[in-house]
Structure formats: structure tokens, C-alpha cells
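Presented below, as C-alpha cells, is a lone chain in the form predicted on its own.
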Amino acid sequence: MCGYYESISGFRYWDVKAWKQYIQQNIAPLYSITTTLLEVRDELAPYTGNSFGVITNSRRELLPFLAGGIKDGDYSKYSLAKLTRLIYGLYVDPREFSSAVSSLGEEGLSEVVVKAEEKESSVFLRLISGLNRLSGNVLELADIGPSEISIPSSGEIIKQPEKILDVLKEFYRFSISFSANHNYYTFFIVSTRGTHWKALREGYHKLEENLDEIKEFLGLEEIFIPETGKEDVQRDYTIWSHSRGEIAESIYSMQIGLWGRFNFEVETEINKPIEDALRYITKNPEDLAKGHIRLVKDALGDPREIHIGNERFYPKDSYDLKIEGLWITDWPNETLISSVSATSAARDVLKREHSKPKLSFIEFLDQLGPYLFTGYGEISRHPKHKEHLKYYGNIPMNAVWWLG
């Protein structure tokens, strides 16, 4: 049987060989690129807390990374020193540097100290470190070696600092092409995260043909099986997701990281260092979080609310779902509750007010299915209660809080 996804040329989600090719072409390059970027940092990081004069005396080739483009107490527009600070959080204070040089010449550099941003501010470094760790795990599990992508080595970059822009260009290019916004294989990983079997079966018609092999290779698992004597209903409304530490979970976490950090909304100023760094190589860096939300809206309309019986659910919010058989017996809106500035007693009252008569678990999944399949929402195990599930909504826009 052929559906939409089966008709897409080159998208063979049921074929393990195709998955290995996807990993080789999309994930191995990200591992090699982030490894190179981190190796450059490893050359600079040991000098943190030391006098800039130490570098002057022992590693003059590193000077451009920390002082290149500093003039009159500030960074020039495309200063290499500013880029180093944006990517790695390593820097010398431009005003201190300019003041020391103007008053004492090179001898004044002994008064300038190499500094490091706080971890919370080093968002680009946290992103590439996370992508490196996760992509490395995927390659190891898939038994695939690093990519032979043609990029300058860290040694070449140290000798010719401008070559770091070549690596940054490739980082941006492969980050975009890997993303579920543009890559059907990554989208498959997103759509199998906390989604019930019926939605997966209807979307991916050939999934059952080779399910066991795909399940084992990617690390797919059934995380919740509803209690019912009807086998077909039980199978259709079983929740599938990703096994901890396996290929699918690592790829999904990479996507979460890119949604979270390639999110350049005004209210997410935390990501400005990433946006500013990418502007060295592209005028308008693509906002992957907004882009995926736009795709969801194009497919499903604006996800405002759905109706189950006389009750309303909001796909953008998060819910604590207590499940008994095929019924949801308790479903407080945690997004609403957490947004209320009130005493714990007032919150308890709000929880009771939003815990209403039981609802059909089947109808809930049928209504939420499109949002789960597109990666806008996810159902997961509850961290504390075995008989509860968690529904998380608006994932691409909320992902900024999920990584590093």
C-alpha cells in the first residue's frame, strides 16, 4: 500500500540500509564539524584566567582569536575576537585591552586577563557540545565512522583563523538540512516520539512490513499499553516512543537542541549569540523553531483548541493525564496552573477545578494524533506516577528550555 510518505523519492523509512545512509550523510558531518570547532576551543581554553601576555610569549598564533578586530575599546563589525566570544565564550575585555595597549604598548598585555563567559551565556558552545555528544552516540550505535567532509582541520584554522568561517558555514548548512523542517528521516524520528500506533500506521503505511528490524535499529519502544480486552483497540492506542540512549532518542535530542537554539524570537534573547555568530556567514539565519510551527499550521491550521465531549484541550499546553483503562479520569492543565501566581492552596483549588469528569482516551488520542505525528506535541511517561501520562505541547517553541 502506497501513501504520501511512500511516494517520496529516496525516503525509505522501512529500510535499515536507508537509515544508515541518512546517518552517514546527515549526522556524521555534524559530528566532524562540531569536533573541529571544539578542538579549536581546546587550543584556547587552557589560557582562561591567565595573562594575555602568556599567549603573546608562547602561542602568538592564538592572538587573532582573542584580539582580532578590537579597536578603540570595542569590536569591529565582523571581528574574529567577537566571533570567538560568541562561539566559545572566551574573550579579553575590549576596553581593558585597548587601554593597556594604548598606554603601555605590548607590555600592557600582561595586565589583560583571558576570561570565560558563564555557562548560561555560552549557548553556542553548549549547542555544539551537545550535538557532538549526541551525534557521536548515533555513529557508535550505528557502527558508522566519522565523515570525511572537506573542512579545514583545527590545525589549519589556528594557522589561518579566517578558515573558521568555512567550518561555521558547513555547521549551518548541515544543521538546516538535518532538521525535521527539511529532512523526512528526521521528521520520522520526531513523529515517532510519544505517538500512538494508529497515527503512525495511518501515516507510514509500510512501517509494519519491517517493524522489528526498524524498532531494534532505531530503538523504538512501546511506553504505554492501555488496559482493555480488545486487542485491536489496545494495539492502535498503544503509545510508542524512543528507548533511552538509543539512536532515535539521540537524533530527537539533536532536533530539540536545534529547535531550541535556532529560535530567534525577541523573547528568546538567550539565543542572540548564536544568531549573531551565524550572521558572519548568512544575512538571515533560519529560525527552525518558527519554521516548524509554520509547517504545522499549514498542515493543521492554527492549533488553538480541540473539543472532546464538552471539554476543551489546548494543544499548546501541557497536561497531567491520569489513565484508567480507556478513560482519562483526571487531566489538570499544568501550563495554566504553573502560570498562576498564587499560594499552593490556591493552586490546589485550581487543580480541582480543572479536573473534570472522565474523558475517552481513544477520542483524546484521535483528536491529538495530528499534533503528535507532526512533532508539535508528545506523550511521555509520567516521571512519578505509573498510571499517569504527560502531554507536552508546542514543543518546537518550548525546546529552548530543554537543552543545555
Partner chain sequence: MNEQRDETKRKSKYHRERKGRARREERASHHSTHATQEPKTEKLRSHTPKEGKVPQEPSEGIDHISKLAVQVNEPYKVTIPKVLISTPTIEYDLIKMDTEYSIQKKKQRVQVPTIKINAPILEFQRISVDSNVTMTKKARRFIKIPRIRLHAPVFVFQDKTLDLVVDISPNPPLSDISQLPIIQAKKTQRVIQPISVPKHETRPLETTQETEAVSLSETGSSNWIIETETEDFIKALFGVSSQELREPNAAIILFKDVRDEGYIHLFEKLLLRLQREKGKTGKVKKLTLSDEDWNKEEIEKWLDEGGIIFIEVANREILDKLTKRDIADRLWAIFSKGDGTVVFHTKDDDTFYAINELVQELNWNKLGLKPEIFKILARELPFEEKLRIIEHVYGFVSLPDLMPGSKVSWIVNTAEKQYLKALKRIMHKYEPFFPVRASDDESTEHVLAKYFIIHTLIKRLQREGKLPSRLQDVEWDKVRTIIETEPESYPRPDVLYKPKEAYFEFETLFGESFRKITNKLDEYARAKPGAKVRIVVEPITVLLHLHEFKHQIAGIKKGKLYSNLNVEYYTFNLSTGELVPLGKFIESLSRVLAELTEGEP
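Everything numeric in this text was worked out from a predicted model, so none of it was measured. In this text, rigid core is short for the largest set of C-alphas that superpose within 1.5 Å between two forms. Positions refer to the first chain, counted from 1.
Keep in mind the form predicted together with the partner chain is missing from the figure; the text below concerns it.
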Subject >> Triplet 17, 145 and 381 all within 4.5 Å of the partner chain in the predicted bound form via a heavy atom >> reply: no
Original post:
Though the partner chain is not shown, can you say which of 187, 224, 313, 331 has a heavy atom within 4.5 Å of it in the predicted bound form?
Top reply: 187
Original post:
the partner chain isn't shown here, but in the predicted bound form which of 156, 320, 96, 246 has a heavy atom within 4.5 Å of it?
Top reply: 96
Subject >> Segment that reaches the partner chain in the predicted bound form - one of 213-221, 321-329, 159-167, 249-257, heavy atoms within 4.5 Å >> reply: 159-167
Original post:
Wondering, does residue 102 line up within 4.5 Å of the partner chain in the predicted bound form on heavy atoms?
Top reply: yes
**OP:** Check whether residue 201 has any heavy atom within 4.5 Å of a heavy atom of the partner chain in the predicted bound form, and answer yes or no.
**Re:** yes
Subject >> Heavy atom of residue 50 within 4.5 Å of the partner chain in the predicted bound form >> reply: yes
**OP:** Report yes if any heavy atom of residue 38 sits within 4.5 Å of a heavy atom of the partner chain in the predicted bound form; otherwise report no.
**Re:** no
**OP:** Heavy atoms within 4.5 Å of the partner chain in the predicted bound form is the criterion; list the residues of 176-192 that meet it.
**Re:** 176, 177, 180, 181, 182, 183, 184, 187
**OP:** For residue 17, decide whether the Cα shift between the shown form and the other one is 2 Å or greater, given a superposition on the rigid core.
**Re:** no
